[in-house]
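Here you get one chain, nothing else, as structure tokens; it is the form predicted alone.
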Amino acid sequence: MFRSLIAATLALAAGLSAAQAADIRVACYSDGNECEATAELSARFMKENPDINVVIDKMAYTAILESLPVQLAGGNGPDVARVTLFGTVAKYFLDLTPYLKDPAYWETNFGGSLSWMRKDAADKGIYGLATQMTVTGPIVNKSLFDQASVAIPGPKATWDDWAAAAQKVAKATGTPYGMAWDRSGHRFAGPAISYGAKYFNADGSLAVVDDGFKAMATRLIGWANDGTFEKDVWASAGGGSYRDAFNEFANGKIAVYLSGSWQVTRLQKQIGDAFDWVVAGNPCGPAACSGMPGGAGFVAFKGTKHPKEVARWLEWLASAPVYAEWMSMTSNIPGHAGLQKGGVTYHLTPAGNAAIKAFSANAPAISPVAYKLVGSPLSGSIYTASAERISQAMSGQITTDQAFARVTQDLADAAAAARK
């Protein structure tokens, strides 16, 4: 049973019985305050639509990742959920198109993220609403760099340059580690693509473990073993489990942290004035200077008893004025194309405002390979295999070559299962 964050009573206040109001249950996780902001906005929606009762059930990200497919398979899932790995639950998606007043508005303003929710290029369904656009990049403890008298690497610096600078800062300041990345195949993919990873053949088939993938994985494992990279963030978790390195960065234990724009609210709140931090451009490799795009979305499911009401709620959230307010409340980059041109006013600290601008500035350099990867139905399997096998090589359970072989086999199995 989901833990309810907010249970609306406005339908009763309007003179309706609970039985008359359509209950929409929304499984939600927060990177910062997304669930709270959605609940606050939904309370206003329910005043305007007293026949709909929106219940936001706040959960941990891992709980949604691991339990949602099981719940949907058993026929007892929510009406809507906030997810990132769309392919893992895509077969349960409800096409909202017949219930929307203006599908063309969605295509115009959310076309990029809609494609991530679709099975393939022939699929024209509208399955959900992007809750934000995310961009990955390095977050830097500027105070440590200043203390060590080390310059933050410039726009064309490579990951090798960044690793060397981070290690130099760590040694000069007595910081435990120079660098940490979130334990995520998605986070790994941006650097790998920069070093030439293609992930796919020209015909669209998987080709994950190529020279570019190997080049970055070998570097990462080496950095973990020589102390440049905080190994425990990756080696302490099992399988393909996600683990971020936020607390390590916020506690001043690392100089450079690879994460993304969704962390801005937490960075402001948890670090405060403990130290100065900045977001830098994505480091380069021989092929690109790419981070990874992404974003979560509220997706609707076929099992809902209230498809019209679900569509009405999502359409209200998607309207430009409400969506702009939503992005301002959550300090997120909008997934709405029209609002990406400066239509959101943020109420952030100077560091937060600078961070949002820096992450946004990283977006144009994102490689087309990265967009293709995020949109692949097999992206979740790719991320899981990458994180699990690289972690095993870091901890010495298997060799690097064995890690590459197992990633290849994992993804062959995943592709075969997807064809069934």
Partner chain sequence: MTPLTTLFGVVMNLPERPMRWAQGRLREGRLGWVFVAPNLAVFALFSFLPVAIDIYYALTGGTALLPSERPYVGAENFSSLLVCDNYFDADSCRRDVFWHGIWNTLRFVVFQVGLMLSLSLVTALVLNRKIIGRGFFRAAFFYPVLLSPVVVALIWKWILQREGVLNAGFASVGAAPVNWLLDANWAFFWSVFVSIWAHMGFYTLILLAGLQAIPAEVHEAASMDATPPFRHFRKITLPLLMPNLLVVLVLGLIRAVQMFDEVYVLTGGGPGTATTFIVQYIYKTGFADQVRQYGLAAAASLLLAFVLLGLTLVQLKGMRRGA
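Numbering follows the first chain given and starts at 1. Being a predicted model, the structure only gives us computed values, none of them experimental.
FYI, the form predicted in complex with its partner chain isn't displayed, but the following is about it.
Trainee: So which of G174, G342, G154, G238 gets a non-hydrogen atom within 4.5 Å of its partner chain in the predicted bound form?
Mentor: Only one option qualifies, and that one is G238.
Trainee: Go through A363, L41, A351, L378 and name the one with a heavy atom inside 4.5 Å of its partner chain in the predicted bound form.
Mentor: So the residue touching its partner chain in the predicted bound form, by this definition, is L378.
Trainee: Using the partner position in the predicted bound form, report whether P307 sits within 4.5 Å of its partner chain, counting heavy atoms only.
Mentor: Taking the distances in the predicted bound form, the answer for P307 is no, it never comes within 4.5 Å of its partner chain.
Trainee: Mark A22 yes when one of its heavy atoms lies within 4.5 Å of a heavy atom of its partner chain in the predicted bound form, and no otherwise.
Mentor: It does not: once its partner chain is placed as it appears in the predicted bound form, A22 has no heavy atom within 4.5 Å of it.
Trainee: Since only the chain is shown here, I'm wondering whether K253 would be in contact with its partner chain in the predicted bound form (any heavy atom pair within 4.5 Å).
Mentor: Residue-level check for K253: yes, a contact with its partner chain.
Trainee: Taking 4.5 angstroms as the cut-off for heavy atoms, does E325 touch its partner chain in the predicted bound form?
Mentor: Because no heavy atom of E325 falls inside 4.5 Å of its partner chain in the predicted bound form, the answer is no.
Trainee: Counting only non-hydrogen atoms and a 4.5 Å threshold, tell me whether R389, S395 and A414 all contact its partner chain in the predicted bound form.
Mentor: Yes.
Trainee: Can you say which of 23-31, 380-388, 49-57, 364-372 gets within 4.5 Å of its partner chain in the predicted bound form, counting heavy atoms only?
Mentor: Result of the contact check: 380-388.
Trainee: Along 405-420, which positions have a non-hydrogen atom within 4.5 Å of its partner chain in the predicted bound form?
Mentor: Contacts from 405-420: R406, Q409, D413, A414, A417, A418, K420.
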